[in-house]
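You are given structure tokens for the same protein chain in two forms, set apart as structure 1 and structure 2.
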Structure 1
Amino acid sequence: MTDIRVPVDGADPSVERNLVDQLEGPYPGTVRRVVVPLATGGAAAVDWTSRHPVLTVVLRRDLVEETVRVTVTVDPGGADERVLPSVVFAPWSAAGASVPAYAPDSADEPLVAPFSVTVTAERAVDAAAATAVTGAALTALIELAVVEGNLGRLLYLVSHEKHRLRRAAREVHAYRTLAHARRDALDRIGADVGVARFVDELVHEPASGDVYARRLAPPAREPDGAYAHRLGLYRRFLLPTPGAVRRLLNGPGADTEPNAGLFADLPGGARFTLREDDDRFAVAIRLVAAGDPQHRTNFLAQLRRDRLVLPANTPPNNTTHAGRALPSGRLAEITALRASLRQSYAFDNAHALAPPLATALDRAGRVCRALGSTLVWQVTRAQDDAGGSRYELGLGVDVGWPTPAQATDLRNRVLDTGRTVTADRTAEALIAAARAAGVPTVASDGEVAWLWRVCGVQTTHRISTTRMYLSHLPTRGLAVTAPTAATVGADVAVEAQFHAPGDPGGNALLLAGLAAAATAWTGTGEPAWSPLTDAAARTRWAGVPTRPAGQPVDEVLAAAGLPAVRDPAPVVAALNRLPDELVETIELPAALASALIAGQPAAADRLARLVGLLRDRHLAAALPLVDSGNRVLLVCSVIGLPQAGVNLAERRATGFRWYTVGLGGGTADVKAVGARTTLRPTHAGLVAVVALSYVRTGLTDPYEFRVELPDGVALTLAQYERLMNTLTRVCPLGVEINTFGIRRDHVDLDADGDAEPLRPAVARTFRTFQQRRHRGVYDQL
């Protein structure tokens, strides 16, 4: 805010002009106010015989924190040249304010002959040097006016104080705003919002790595500018929507423009990025009969009879659908759906689908037909009582892969903007949506997942080289293994596994991460590591020897951010309790392992780079084991590992949560977390065991957003403190703000321009701006 106008007099704040306008009768004729044209060079002439004149200098715009000094010279260059005392407009003077500059002596002779003047002006802000105001800026800043007559002079005199009052009012008003408040006015604003002025400063202690607040030597206090900047966080109405938070952190403008918000002082005008693209949960459901297995059999029979869609046009299927107690309109819709499905899919007579899945598959079929493709998808498996969690409820089907030629044809057809639009408006809308979302190449998307996704099929999971599993539920290869029946009161083992593509296999995220890291590792010229099978890994773990303390390898491992295991027995015992699919072991290249054991610093750098690759691929933990024979094993996982914890990421990359849903009176208890859990039926009936799983692939969790900065941007301690307080201010209830990346890569502790990882113990070492206020402590703020 640069212009604060206090509209005391309405639109035109000129005091003497208003006074003249209010005169009536015979008085206006004697009180004349004439504006004297002022040239850009500063010359002006009162070119008429004036009567009892007074020459005034008038401001043409409001002043803020600037002082304007005007000097008038009468009869410049003439015999009677006189430089008059300067006219000064103090800060916050209002537009229309005037100061008398020249009043000729007219006591004896009321009429004054024409005269000329020149004007020079200069402006200064605070204690800075004054700068001359010339040219158009001069005429935009001031004007000259002549007020004539004794009555005019008297009125001007008695009203002159009003200019000062207006200036004081504007100054008081300005001091109530954060942009212009100073000293005690700023402290009062701070007291209003519960934010005290700092009397200390943050200091980093290099020796211990600690960050602490050191009291400033009295009377030093936080400067007004810095204090006002902090108060700015709390002096506005703020609704913590994503847009408002982005605007607060970055200011207005596009992402490519420099930061103009609270953090405009970041190096290079860097802008923050707010990420809130959530990883999706995966879900799998397994039916377990509690007590009599007939509960499950009956339920599945009822499911086929009353719920599932049976696409094949056979008398038994038609009889089943016709026998459902549904309105005729709904029955007609289902009949049409079945007929439509049969145009694009080849079903067996016994195939059945959950209605949402049937609808989603039908959308994809209609899209193919609208594109002009004659492709018919061969369905090889649908609802299957014995098919496990993927198939028993009809929530998924297996279909054959399209041939590369078929996938290419589909892609070309959808990208063809000149194709003839069909009458199927749903299919046309889906085609447009697919085109807008992007259609990947066949080499990178052989399953044509782009087609299934846009039609509502959320899972496209390869289960072999010829078949893929489709489901409208997000399952991502998740499968639950459990017996079909269990005795009431007895524990049964239940297991969830995240199968990699082409299952059965290990954990999808772990295998994919290791494969990508291996590619990146060898791509830099490093020798490849050796993966171990699960059985081989457990054998090797058991042979890891106990090491004495103080070996060089310990320092090298610590430099790479990894723990050093000297007594392997308890660690290996804990490792053996972990599910095979969640842990993978690799053996480092021999040369690298030898260098590590020898304690070579260069080897530490290579190991740190390897750890970085694993971290970038979203693995959660890595645990080194120094084996005999100069060999080093690296145990990698997507969950926490013994002694290592979650040392690559902020938290585990995958997890499972279990629920049970009772059907037909059945109930059961289940341990809520873990890939392997125990189910104990408590009442006879049927129990649906639900596994909810997540995989962190770099996206955010639900009810979380992440704050990020571009690579190489380092925050000072003060900026980090301001950021954390800002995020505290904008954090909605129940939402987590993830600053892990900021704390790890973007805080410069020792002011050398490079960021250092902020240890967890130090991460919270910032001063909280806003203090909770209690009764009686107002004056202490």
Structure 2
Amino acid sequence: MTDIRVPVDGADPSVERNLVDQLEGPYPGTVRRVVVPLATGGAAAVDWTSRHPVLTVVLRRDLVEETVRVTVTVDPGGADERVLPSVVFAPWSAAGASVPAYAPDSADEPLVAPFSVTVTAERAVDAAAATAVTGAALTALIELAVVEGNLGRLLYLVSHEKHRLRRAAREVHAYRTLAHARRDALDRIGADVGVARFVDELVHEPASGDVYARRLAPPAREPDGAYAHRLGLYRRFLLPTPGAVRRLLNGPGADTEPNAGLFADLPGGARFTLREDDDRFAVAIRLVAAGDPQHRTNFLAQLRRDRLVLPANTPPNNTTHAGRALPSGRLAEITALRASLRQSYAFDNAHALAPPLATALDRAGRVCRALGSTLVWQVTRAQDDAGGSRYELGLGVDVGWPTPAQATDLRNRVLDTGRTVTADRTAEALIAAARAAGVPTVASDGEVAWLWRVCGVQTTHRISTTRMYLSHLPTRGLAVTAPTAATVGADVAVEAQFHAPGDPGGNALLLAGLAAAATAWTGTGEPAWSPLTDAAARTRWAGVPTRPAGQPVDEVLAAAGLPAVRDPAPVVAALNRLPDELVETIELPAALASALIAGQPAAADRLARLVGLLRDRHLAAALPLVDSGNRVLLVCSVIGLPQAGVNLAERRATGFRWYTVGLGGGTADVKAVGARTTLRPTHAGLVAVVALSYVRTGLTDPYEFRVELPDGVALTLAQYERLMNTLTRVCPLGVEINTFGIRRDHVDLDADGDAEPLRPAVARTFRTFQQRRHRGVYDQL
């Protein structure tokens, strides 16, 4: 709690006691102030004959937003029993404040005989019902004191206003804090940070699905508590680091503890999760000679002569390395690297590798040797002038698959914690890292990707049943197709493709997603669908008939979140312009298709479940086509589809970005995006065509983080609005906050406790808390 004490009286807050203690001249000792013991039951006795006494009730602690009412009864149970008017301590009264409760009439007789009293007290906060204060709480809250003598009475009178001043000072000080400010004080804090009090409320219109702000009937407006809660976003120093954002959303504590932050009012104390595990970009490079093809030939020859590592121990290779203008120490390191590579890999005389790839491969070889394995990897392809984007720069090699026995042996050896540790510290560190990261079974990782990954080989791509492609660059099967030479000023076609394992083939993500969805679909007892080849699919698209409006199948498709295509001609024309590898078509099982066309509700549920499986496998779009003969086609893609757009995810699942790097004076223009693009050389020389691509597999993009909630947690519109404003407040420049999952699965629009998908059209229909302030409008905030 905010410390709002104002220490105006030093360590002892009692005003009367301070006045008595500070009397000077002939007055010290002339005023007597005695504290009367108060029992926990409320009984007290002034057991001496006092002179002109005043009985006061004194606070023993500071009050905050509470009112304390004390009632004193004189001579309880006696013949002169009297209940005196109550003594009231207003909110923010300070410790030491006192109010006179009883002043016996001493005008004729200054001496007053001993008397007894009983005390009762109650406290109340705002408009809540008062509660009695009893027992130890009573004696901790108040005490009784008697001030005697005319001078004592006079001192009390002249000092009484000081109690009120101290209370007012404490109240003013408290109202400057967000925790205690109310009414106009809260509005002034809001004006300071540019956040106005709401005079409207968010409502959802079920008929239209819209969310809008409805003005409250005057004089109603946003309550102080809710307003202060919103202002809390802006009344603190906030550096939007991941830790600070987590603390803001969830408050302190472990992930297993209830939310204690700005969203402590979530059902079950749910906590938010921040995801920052990015999908990595894939890269591929293709060399294109602009003009004379000799530019490319010369560059590759120089590359082999001056840069690449030639592992084979042959006189030509040794001569090449010895002729490089490098320090002797570096030459010795390369010689040692070549020798080490030859212990674990079988190279041909002409094989060459990029130095980073050679180093990564050598780490894997040293790990195998440290594990005691005698496995020698057969390299079947390395740098190849005619090998295309994967091989021409020496950025990848092909090696044979390990046999199941070899893979099992490696796995068993790395998991053997009793093995003898070798002197190769690098290899031992990599073994420990692999063990910590987890070693999958041979059935799920036959190419032992766990070994390559921990050693720096980021790509393990299966290219046939016997060979796999390894590279230290992340490629994920990406390859660029382009001619090796192009005429200056002439356009040439360039294409990038994510090949599925066992390439050449279709898009890796699309095929893998469909295969996983098919397994999950049939695993629930559903009949399998039929995949179509690209040629067969285009033939079937062309035969899809035009349908009239109002057929039952349209409602079923809409219930599953899919568009209804009644005029297929323009859609098919647009589909035919898409790259084959980015689109796959399946034919739904006959029984399901017939039920869909008949408009059966159960079929809609089955189709919705199928769409959910495709979404979960990171496909971006699905487009149904109702064919003749009670057949239904489903076109699936990792990019947006005509009339469907990106209806399974918030964004397309894959994309490409193109760059060119001029070498030897060569330059070229290239269209920046798309799987297929056009390259136009503008100056003679050599051009490196670079394709940078991504595949969304459920992880976040670079410069993005995702906010998630546990399944089943639903936000009210007010909580959703608060969350969006909070994320706006903490969003660093250049970083995107992905709230797609929140908007899709965690907003309760109709207050029934269950979340409904928030349509994109209303996803940003929330009130912005903080407004820009302009000259002349400050007072309106």
Partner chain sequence: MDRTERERQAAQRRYLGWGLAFEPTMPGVDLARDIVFDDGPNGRALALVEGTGNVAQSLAVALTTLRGSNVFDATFGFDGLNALAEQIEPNLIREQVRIGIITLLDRDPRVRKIVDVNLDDGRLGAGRADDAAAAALRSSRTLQVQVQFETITDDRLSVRLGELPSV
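The term rigid core refers to the most C-alpha atoms you can superpose between the two forms while keeping them within 1.5 Å. For residue numbers, the reference is structure 1: its sequence is counted from 1. These numbers were taken from a predicted model, which means no experiment stands behind them.
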{"query": "Between structure 1 and structure 2, the form predicted alone", "finding": "2"}
{"query": "Thr739 C-alpha moves between structure 1 and structure 2 by 2 Å or more, core aligned", "finding": "no"}
{"query": "Post core alignment: Gly329 C-alpha displaced by 2 Å or more between structure 1 and structure 2", "finding": "no"}
{"query": "Rigid hinge motion between structure 1 and structure 2 - rotation in whole degrees", "finding": "11"}
{"query": "Core-aligned Cα shift of Val36 between structure 1 and structure 2, given in Å", "finding": "7.5"}
